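Shown next as structure tokens: one chain only, the form predicted on its own.
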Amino acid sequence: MSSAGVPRHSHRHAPVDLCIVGGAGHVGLPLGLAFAAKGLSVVLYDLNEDVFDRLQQGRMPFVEYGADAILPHVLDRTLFLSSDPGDVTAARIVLIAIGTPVDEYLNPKLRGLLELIETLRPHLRASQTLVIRSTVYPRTCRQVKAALERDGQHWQVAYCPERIAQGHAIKELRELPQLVSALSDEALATATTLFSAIAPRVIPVSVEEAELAKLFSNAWRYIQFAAANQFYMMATEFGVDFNRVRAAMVEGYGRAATLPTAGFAAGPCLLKDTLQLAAFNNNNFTLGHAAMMVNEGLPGFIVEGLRRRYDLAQTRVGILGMAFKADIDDTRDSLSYKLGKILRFHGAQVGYSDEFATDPTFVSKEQLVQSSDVVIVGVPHAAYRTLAIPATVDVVDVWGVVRPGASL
């Protein structure tokens, strides 16, 4: 909102097909673009005026492949920006796409979504369909419906969890089937029609099945990364290159093909959703907790390996890649920062570089490798595959992204 409390962006409460609450975020914005590109009238409702200002100038606020080509064709035609809650009221369908983090004790913040619903309650109508896209703690959707129906009316609530890879939503929304669930036949029909407009097919499930499917998917991926990282640590301690072992395992051998590369398993979803699942199971999720210990322990393992070879207090260490995954600009919960903190604790002089994320303290990749004694690859940005690194620089490349022949 502006300092006077008047929304700077408003669609003037004109009727629209869809309003996305949290529409300036990494989930809501690509989803809004996808629906708008199919001709639905979409309002992105958010209080992030800085992001809206960038969008109004025709610029995406973050890396989302394919979005830049869509934005100028839909903005102010089928896609509208609003910080006016009156535009929530005017929508036929209201979709919630806010983040659902864990707290400082690594427990789910269960109240966030319910508090949002309470805030929006004066601007919602029982004739609308409320579609929850955010990842939720199991049984949260039923709590939302119960909270709305305290007024005695019958509300339409659906749950259709987000399941795209960040940065690739535009492509994956066209290619991946969407899970659709609801707490009434009417809401299920509306949600099915909605997502059929952008997805190749929809998979109807119960709300409880959808809630678990989302959490299981991210926890499974997190456990897979933990297996690779545990194998990496074992091979490294044994003096063997894990990436060569993995390459031999997966080549032509389908039963091992799903083993991912080792590397930092980070970002705002995998660990968080694993912990939500653990909390739901009375903290009796042994595999999930073990995966957390392995994945969160990888930065410390790397530093301990360096401490055996160097006096870190006399060592300049550069970290290549501060985003939480390759070829995007999002640094949320990136383990590269944890790695940097541990290195500095042991006295190292640490420098950062990234190809997409920006920070006044970052330097270029070329400057980083020229000024470092040791370079650690924090994330496998494609640009690092051809990076020339001086032969005098020790490279720690968990991912196996740097080509040996690229050294100077």
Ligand SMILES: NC(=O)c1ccc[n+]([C@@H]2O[C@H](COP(=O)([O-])OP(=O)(O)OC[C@H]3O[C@@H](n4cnc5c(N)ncnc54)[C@H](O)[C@@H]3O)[C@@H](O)[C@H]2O)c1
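In this text, residue numbers run from 1 along the sequence as written. Owing to the predicted nature of the structure, the values given are computational and were not obtained by experimental measurement.
In what follows, reference is made to the form predicted in complex with the named molecule, a form of this protein that is not presented.
- Contact check at 4.5 Å (heavy atoms) against the named molecule in the predicted bound form: none of N229, G321 and L335 pass.
- Only one of N295, Q156, S181, T135 lies close to the named molecule in the predicted bound form, with a heavy atom inside 4.5 Å, and it is T135.
- Contact with the named molecule in the predicted bound form, defined as a heavy atom within 4.5 Å, holds for exactly one of A326, A147, I223, L116, namely L116.
- Residues of just one listed stretch (191 to 199, 90 to 98, 251 to 259, 232 to 240) have heavy atoms within 4.5 Å of the named molecule in the predicted bound form: 90 to 98.
- When contacts are judged by a 4.5 Å heavy atom cut-off, E209 does not count as touching the named molecule in the predicted bound form.
- Proximity of E355 to the named molecule in the predicted bound form falls outside the 4.5 Å heavy atom cutoff.
- Remark: C269 counts among the residues lining the named molecule in the predicted bound form, judged by a heavy atom distance of 4.5 Å or less.
- Taking non-hydrogen atoms only, I389 never approaches the named molecule to within 4.5 angstroms in the predicted bound form.
- Contacts of stretch 165 to 195 with the named molecule in the predicted bound form, defined by any heavy atom lying within 4.5 Å, are made by Q166 alone.
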